[in-house]
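Look below for two forms of one protein chain, each set out as structure tokens: first structure 1, then structure 2.
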Structure 1
Amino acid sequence: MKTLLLKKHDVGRLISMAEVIGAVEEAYKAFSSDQVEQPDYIGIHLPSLRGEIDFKLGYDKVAEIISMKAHSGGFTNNPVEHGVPNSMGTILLFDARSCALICIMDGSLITGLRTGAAGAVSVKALARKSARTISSIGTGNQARMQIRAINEIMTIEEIHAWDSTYETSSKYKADIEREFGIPVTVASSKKEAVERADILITTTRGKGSLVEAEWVKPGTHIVAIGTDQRGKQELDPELFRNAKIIVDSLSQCTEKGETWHPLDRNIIAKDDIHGEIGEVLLGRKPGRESDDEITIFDSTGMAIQDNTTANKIYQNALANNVGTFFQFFEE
């Protein structure tokens, strides 16, 4: 019984963004077909000036793979004090037929990749086909990852970007223009950025509304990434009143996603949620039905996205003889 070990460098070159998008689509479809188990995650909060480590478990009954992702974050002193990044991850894959440990891989890239792919999956399913302009509220790593993923599935003609500091937005503009050749305008206000959007992406650590409902023009698709915990918020809850609301997981989004806010204020009821993205991908529910609908995709992130993405990486490694085998036991 041999276990495949994959370094961060291997993980990065073993999967294309197009493959991550495919893996995330599989994850959503399996989830909305009752082919997934995802127990509540467990975590430990370390004392002040350190951070948090979480352990997330997912079981994909289609592929018969169990994944466990350990992910730490917030350790701002790590680079200086310990010579390691402030966020690290490790993923274990088990063959669910025997529970043998088949792969251990660095997991620091996968969260970013599968979250970027989530936005692209929603754009394919829900944005207007004529959409060309993206606005990005937030210009950090995940904002870049969204562009990298969406750029795989449509032609982006221009990007309007806003962040709380001009330096961050300028750096984003330079990076995106160099990497993708897409012109970026740094918006002078959130309002200006939002008003220009065919597709609006929010990837901040916001804890209050950043996007007013009246700024959003008909036909906009909103990719709401930032809110994955109670206390976080990016959108005016009024936006949900007349929008088509699609979530990654009904249970997660109504408990701790962006969708929690309009529910909490009785602006919408649970029945007003159109459905899960997996249901749309499976054809069980319609996606966008007119060019002037506002669609909102609320992404809280699921362990099953890590699972299918890591399994694709593992399969690619086997097919290309990448990685190192280690025998934890002989039997």
Structure 2
Amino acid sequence: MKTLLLKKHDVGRLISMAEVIGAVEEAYKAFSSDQVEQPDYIGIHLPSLRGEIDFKLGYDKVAEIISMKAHSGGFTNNPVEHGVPNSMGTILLFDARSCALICIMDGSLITGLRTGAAGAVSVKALARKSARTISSIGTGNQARMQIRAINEIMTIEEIHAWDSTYETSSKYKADIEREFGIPVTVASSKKEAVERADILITTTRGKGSLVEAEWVKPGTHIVAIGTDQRGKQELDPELFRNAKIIVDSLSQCTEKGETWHPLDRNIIAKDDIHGEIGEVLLGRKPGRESDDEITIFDSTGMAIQDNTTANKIYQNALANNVGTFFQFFEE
């Protein structure tokens, strides 16, 4: 059996955002149907404030595919000192029937794609059907990816954006308006952006000031992306008191997601969490039940999302004869 090598430029042309959204929906349904084995991911913080690297492992029992992703971030000196990006990802795919390595692919794009798709899946399941206005707290790469994904499943009429620096917000405005033709208003304050939102996206990596509960209007759907480990936080825990809380993984979100904070302060109990997004997609739990509900989707990111997305890319590569095969294991 030969192993397929897919480089970054291969990965980018082998999958559409619509296909990623489908793969992420498939991942959530499989996870909530006990068709997934997914150990806790391992994170290593490197010394001298260099950055961190995470390892995520997942097994899709239906597809018989095992994936392992290594993803690093925060290495700001990499381009100058080492001639490599400050964030990198690599994904290995194994055929679970033999555990043979069938594919090595660049994983840098996949993390961004599947995280963007996660927001879109939650919007489709939980946002008001009349929602047209998005507010983005944070204007980096993932904020752009959220718009690319959500634009696939709804009509966005306007975007309000806020970031800690005006320069990054202004660049986001120029980029989004050029790519999509959607008008973007750079908000003068975080409060101003939040108050305008039908859908609120937070992608700040959980290191800044919080979105206050009193700013959020009834009917808002919140896509909380930036908190994936202890020490990160984007939302006022009081927001959770009267919201419908949906998580990607109950075990992850209660231990290291945004949901951990209101749990830790006894604002909510675990029984107050409505359920996993996979349960909503499967029809086991209701989604939005009124136009006044505030819904929160706590997305910590899961290995099975990488698994189903990478497998779709692998299958597309085989079908289109893309990539390079090499003999990794001798018989």
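On a predicted model such as this, the values are computed, not experimentally measured, just so you know. Structure 1's sequence is the ruler for residue numbers, which start at 1. In this text, rigid core is short for the largest set of C-alphas that superpose within 1.5 Å between two forms.
Of the two forms shown, structure 1 is the one predicted together with a further copy of the same chain. Once you line up the core between structure 1 and structure 2, the Cα of residue 181 stays within less than 2 Å of where it was. Once the cores line up, the CA of residue 132 ends up less than 2 angstroms apart between structure 1 and structure 2. Core-superposed comparison between structure 1 and structure 2: CA of residue 206 displaced by 2 Å or more.
Core-superposed comparison between structure 1 and structure 2: residue 41 shows a Cα shift of 2.4 Å.
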